[in-house]
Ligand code: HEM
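This document starts with one chain, in the form predicted on its own, laid out as structure tokens.
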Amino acid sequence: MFFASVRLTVYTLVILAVTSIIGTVILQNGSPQQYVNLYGQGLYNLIQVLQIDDMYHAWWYLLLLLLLCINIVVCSVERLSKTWKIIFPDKIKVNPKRFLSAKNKESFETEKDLEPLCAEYEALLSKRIGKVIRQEAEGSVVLYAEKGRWTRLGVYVVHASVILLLAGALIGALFGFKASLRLDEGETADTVFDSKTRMPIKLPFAIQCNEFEVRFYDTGAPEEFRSNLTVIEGGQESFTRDIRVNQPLRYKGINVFQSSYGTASPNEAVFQITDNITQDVITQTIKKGQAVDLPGNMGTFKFEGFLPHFDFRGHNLGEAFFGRMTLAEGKNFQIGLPTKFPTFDKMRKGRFTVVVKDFDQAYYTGLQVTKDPGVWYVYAGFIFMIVGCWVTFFISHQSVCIGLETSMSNAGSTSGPVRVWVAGKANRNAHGMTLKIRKLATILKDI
């Protein structure tokens, strides 16, 4: 059967391993320009066709995972019936000859009577191993016990763990998402945008950013940034929580991570406008979109907006306000006002100079919003993997057999010393079984 082939398992695993290496080498979820710069237009076209830019969500990669799942299930079911008969036989058959040739066989003689000795050995074997099966023949008794038949199921627990891990990956890829959201302080949104496609995804609740706080080191590098978020459902506030890097908000299967921040556009600022001829000065708080008269009613100045990065002749001057000046004679033009260079507008050498005197620094919080419904399957898979590996590699099916033999007299009665032998079998860790038989033989001699 095609799906029961071990060769199929090997080939599928090799292909997954090779493609996973490719996925770590080639940039994932980058912009088109990044791919063109790195690989050229021709190779980028091939990357797009094969979806290598988002390989772990590509249809052919998910198909390989599904194929491996089916292959493991079919192989396990096909072999489980045989293993089940070994673990749960209708009747346990004891074959002493199988133990007589064992390398760990230990033998000794004792002068004690056969029946009392059998009773003590049976009690000891029952305590140390498990239920004892007793077989009697003329002048001999065989005691047999075993434990750990169920450990043969360990490999199937490992198979189940792999299936759970693969199922979790498939479910997460098909029904999960990774998206981003930018919120200014005081802003509320219930729609996020897919990190790759930029398609909108509506959340079952809204997120409101109440406050964003950032602390800096003396060097200017950010030390910590924190967002105070409120979850709103049905128009009502459900709860409020702070999130930081590595301290996300988790609610209804959706994770909200603190990923970035930036400078938001202030809604108002204090501007100083100077008439360089008359030296008249006005200082006024102007809201975004609002226009005020220039000194002497010589025109208007309108505050139009804010730029986090102001480019001037190829140089990034950082944050800047920009506005539009309209003079009485009808001339109008836009001016930029970098916050790091308060006297920047003087370079224009116009009649009016504008300076930003004060503003409240505002920030936006950058959130990464994810949903992975397959994560619990992955967690269960890891637990199954640990349990299965422990059973498979550290616990074995062990069987111990003790034989007691006496010489028979002409009258048919037993005579002479009792010859005792003890041996064991294990499906793994033969050396450990040898040590156990030696220890057991020592105990039996002392009884």
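In this text, all values refer to a predicted model and were calculated from it rather than measured experimentally. The term rigid core refers to the most C-alpha atoms you can superpose between the two forms while keeping them within 1.5 Å. Residue positions are given as counts along the sequence shown, with the first one as 1.
This next part talks about the form predicted in complex with the named molecule, which is not shown.
- Shown here without its partner, the chain carries S265, A269 and Q361, none of which come within 4.5 Å of the named molecule in the predicted complex through any heavy atom.
- Note on contacts: among R149, R182, H159, K302, the single residue with a heavy atom within 4.5 Å of the named molecule in the predicted complex is H159.
- The partner is absent here; in the predicted complex, the one residue of K85, R79, K287, K252 having a heavy atom within 4.5 Å of the named molecule is R79.
- With the partner omitted here, the stretch from 389-397, 47-55, 31-39, 375-383 that lies within 4.5 Å of the named molecule by heavy atoms in the predicted complex is 389-397.
- Contact annotation: S140 falls outside 4.5 Å of the named molecule in the predicted complex, judged by heavy atom distances.
- When the named molecule is considered in the predicted complex, N71 lines it closely, a heavy atom lying within 4.5 Å.
- For T434, no non-hydrogen atom is located within 4.5 Å of the named molecule in the predicted complex, even though that partner is not displayed.
- When the named molecule is considered in the predicted complex, M298 lies well away from it, no heavy atom lying within 4.5 Å.
- Contacts of stretch 8-24 with the named molecule in the predicted complex, defined by any heavy atom lying within 4.5 Å, are made by T9, L13, listed in sequence order.
- After superposition on the rigid core, displacement of the C-alpha of G154 between the shown form and the other one amounts to 2 Å or more.
- Annotation for M298: C-alpha shift under 2 angstroms between the shown form and the other one, rigid core superposed.
- Core-aligned CA deviation for V73 between the shown form and the other one: 2 Å or greater.
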